[in-house]
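Quick setup: one chain, the form predicted alone, written in structure tokens, and binding and motion questions come after.
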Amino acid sequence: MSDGPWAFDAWNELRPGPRFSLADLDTSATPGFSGGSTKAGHLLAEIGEATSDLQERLYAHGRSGGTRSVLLVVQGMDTSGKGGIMRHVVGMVDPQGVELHAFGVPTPEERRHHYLWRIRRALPLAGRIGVFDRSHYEDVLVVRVDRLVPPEEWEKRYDEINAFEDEVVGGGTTIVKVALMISHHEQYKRLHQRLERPDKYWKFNPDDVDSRAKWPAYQEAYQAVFERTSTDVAPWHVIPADEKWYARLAVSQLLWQALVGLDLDWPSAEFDVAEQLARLEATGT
């Protein structure tokens, strides 16, 4: 997958380094990719085929007693393209091997528990790809920006999240964390489009305008997330997302790399193949 227009180790190159500044990120850039949307579409299909094969191997291992799984965490501001990732990237693989959870405002039951309670309940089973549309990071993003708990409460959550993710990875789950970053102007255009088209009204939420008014606070909160929770075992990948096709391509590449990293072959037969072939032949053609 490193040949052609995509000559890039996305897993390492899209990680925010120690001097990373979200304020300096060019959200319209397409790092690592020299082609346009047409080439990206062709490559996305190619990656999709390879990813589908790898996912089937993962699923087979889960059905055969394996313990490995993958968790894709997708974060981003409103209109950043999270839905497109679900349709165009996650949609490339067999749905029976995917567990998708969209985390909204906590329910009354969820509020009665620790904020990671609902996250633990949604972790993927062995052999599955879990997908979080928003996640436990809302508890250091929205909660911080909207001052839903005191600073000393959300402040300690960075270390709690790191410890939690270390535990999850230690249990056999590879975590792929992606943050879709768009510009203030690009978000304006996408929200404006939703208000111009009747077929997009259903996607518009008046609360999105309220969140937009808090843009600087959200940028500060995301910067803190990248600085404090991008670890060696569960690194963040910051993806410029003004170009939707690029964001989808980058996430698909990351998911593919995660599955390749599992280094799974097909499970061995737990029966005598020759014996079963003979039994089958004995039943006639």
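Residue numbers here begin at 1 and follow the sequence given. Bear in mind that the values here come from a model prediction, so they are computed numbers and not experimental data.
What follows is about the form predicted together with a small molecule, which we do not show.
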- Only one of 91-99, 183-191, 164-172, 77-85 has residues with a heavy atom within 4.5 Å of the small molecule in the model of the complex, and that stretch is 77-85
- Task: Work out which of L148, V209, L116, L125 lies within 4.5 Å of the small molecule in the model of the complex, going by heavy atoms.
- Result: L148
- K200, R134, R120, K214 - the one with a heavy atom within 4.5 Å of the small molecule in the model of the complex: R134
- Message: I'd like to know whether F103 contacts the small molecule in the model of the complex, with contact meaning heavy atoms within 4.5 angstroms.
- Response: yes
